[in-house]
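Heads up, the chain below is alone and in the form predicted on its own; it's given as structure tokens.
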């Protein structure tokens, strides 16, 4: 199974692709779709849409795991991230690949065992779980790999429950 994780953002939407054969995740590749603040909002959302759509066509994932919006104190940032998610979700839906959404708390808990883990703790665990020598960069890509790992963990638990 191939899982594409997505960390939505307007300036940079992180992505990370893992393979999950026989219950052991392996990273395949990661990166980001970048947009320029000089471009109009509509153009930036179009770049995210087409960037993710093309990536899905190229990598052929079996599932896409995307981080849900976390609404903190900065409403303006939340709105911008929501707009980026609004471009990423239909790009996934158009491809016919099933999309799974996870909260930041669910992702942290799946990767570190703690829902309140720090960003560096999550990044270190992503590297450890995928057998990487270094933390994946940029940060958005590491977050996207964490989302993919969260889905892999959910699949593993689901399969265990099916056996009982």
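Positions refer to the first chain, counted from 1. Computed from a prediction, not measured in an experiment: that's the story for all the values here.
Not pictured, yet referred to below: the form predicted in complex with a further copy of the same chain.
**Q** Out of the stretches listed (97-105, 133-141, 30-38, 116-124), which one is close to a further copy of the same chain in the predicted complex, meaning heavy atoms within 4.5 Å?
**A** Answer to the contact question: 97-105.
**Q** Do heavy atoms from each of 50, 75 and 82 fall within 4.5 Å of a further copy of the same chain in the predicted complex?
**A** Yes.
**Q** Quick one: is residue 129 in contact with a further copy of the same chain in the predicted complex, heavy atoms, 4.5 Å cut-off?
**A** Looking in the predicted complex, residue contacts with a further copy of the same chain do not include residue 129, since no heavy atom lies within 4.5 Å.
**Q** Would residue 109 count as touching a further copy of the same chain in the predicted complex under a 4.5 Å heavy atom rule?
**A** No, residue 109 sits far enough from a further copy of the same chain in the predicted complex that none of its heavy atoms falls within 4.5 Å.
**Q** Although a further copy of the same chain is absent from this view, report whether residue 55 comes within 4.5 Å of it in the predicted complex, heavy atoms only.
**A** Looking in the predicted complex, residue contacts with a further copy of the same chain do not include residue 55, since no heavy atom lies within 4.5 Å.
**Q** Can residue 63 be called a contact residue for a further copy of the same chain in the predicted complex at 4.5 Å between heavy atoms?
**A** Flag for residue 63 set to no.
**Q** Which residues within 30-45 place at least one heavy atom within 4.5 Å of a further copy of the same chain in the predicted complex?
**A** Residues within 4.5 Å: 41, 42, 45.
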